[in-house]
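Single chain ahead, written as structure tokens, the form predicted alone.
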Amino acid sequence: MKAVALLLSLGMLLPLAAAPKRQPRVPATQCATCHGTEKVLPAGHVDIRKGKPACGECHTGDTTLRGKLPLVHRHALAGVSCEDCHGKGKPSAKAQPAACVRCHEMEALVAKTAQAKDHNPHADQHGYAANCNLCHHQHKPSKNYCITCHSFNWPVP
């Protein structure tokens, strides 16, 4: 029985061991700091180590980075540091929604998603929209929290 429990716990820990180690205040151009020698950009991609990347110059329209990069990378590329959301010191918890709305005004988000099919995710009647962390995750893929009860199919950046 102990052997089964040990094997199960190892199976649960392996994905964590494979994840890159996060480093505070690492510039977006220093991929190797977290990813080591793992190649994370597609073959033939512009070398982003040669200066501050202007990702938005190439990634527009169908090649937009929306949904392709973890939000932590998108924030770093936009010049948002870990401290901007978590405060000084080692982050110990998720950023609070107040940190999100300092840059992402709720009224603007409501207007931006007003044409969403079926229902506007930022104008919900349940009050969940005020907790950004339910859908938007910085260090893992985001998810549509609304599908817990509804069948709304929204892409969540």
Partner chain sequence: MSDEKSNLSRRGFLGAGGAIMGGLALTQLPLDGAAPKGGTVVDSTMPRKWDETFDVVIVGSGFAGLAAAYEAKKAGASVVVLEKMPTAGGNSIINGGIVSAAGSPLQARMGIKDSPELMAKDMMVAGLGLNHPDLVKLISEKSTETVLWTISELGVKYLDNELVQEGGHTVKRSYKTYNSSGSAIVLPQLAKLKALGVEPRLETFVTRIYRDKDGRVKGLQIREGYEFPKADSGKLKTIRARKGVVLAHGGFGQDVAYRMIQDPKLTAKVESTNQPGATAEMWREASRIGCNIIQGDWIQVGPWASPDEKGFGLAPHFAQEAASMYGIWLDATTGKRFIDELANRKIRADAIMMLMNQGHKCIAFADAKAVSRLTPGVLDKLQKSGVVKAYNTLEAVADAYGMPRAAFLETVAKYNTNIRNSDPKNPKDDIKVSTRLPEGTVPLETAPFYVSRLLPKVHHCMGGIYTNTAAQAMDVSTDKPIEGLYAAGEATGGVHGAVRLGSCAVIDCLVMGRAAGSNAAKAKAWG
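Residue numbers count along the first chain shown, from 1. Every value quoted in this text rests on a predicted model; they were computed, and no experiment measured them.
One more form of this protein, predicted in complex with the partner chain, exists but is not displayed; see below.
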{"item": "Non-hydrogen atom contact G127 with the partner chain in the predicted bound form at 4.5 angstroms", "value": "yes"}
{"item": "Close approach of L134 to the partner chain in the predicted bound form, 4.5 Å, heavy atom", "value": "yes"}
{"item": "The partner chain contact at R66 in the predicted bound form, heavy atom, 4.5 Å", "value": "no"}
{"item": "The partner chain contact at H59 in the predicted bound form, heavy atom, 4.5 Å", "value": "no"}
{"item": "Listed residue that, although the partner chain is not shown, lies within 4.5 Å of it in the predicted bound form (heavy atoms), from K112, H35, H104, K94", "value": "K94"}
{"item": "Stretch 132-157 - residues with a heavy atom within 4.5 Å of the partner chain in the predicted bound form", "value": "L134, K140, Y145, I147, T148, C149, H150, S151"}
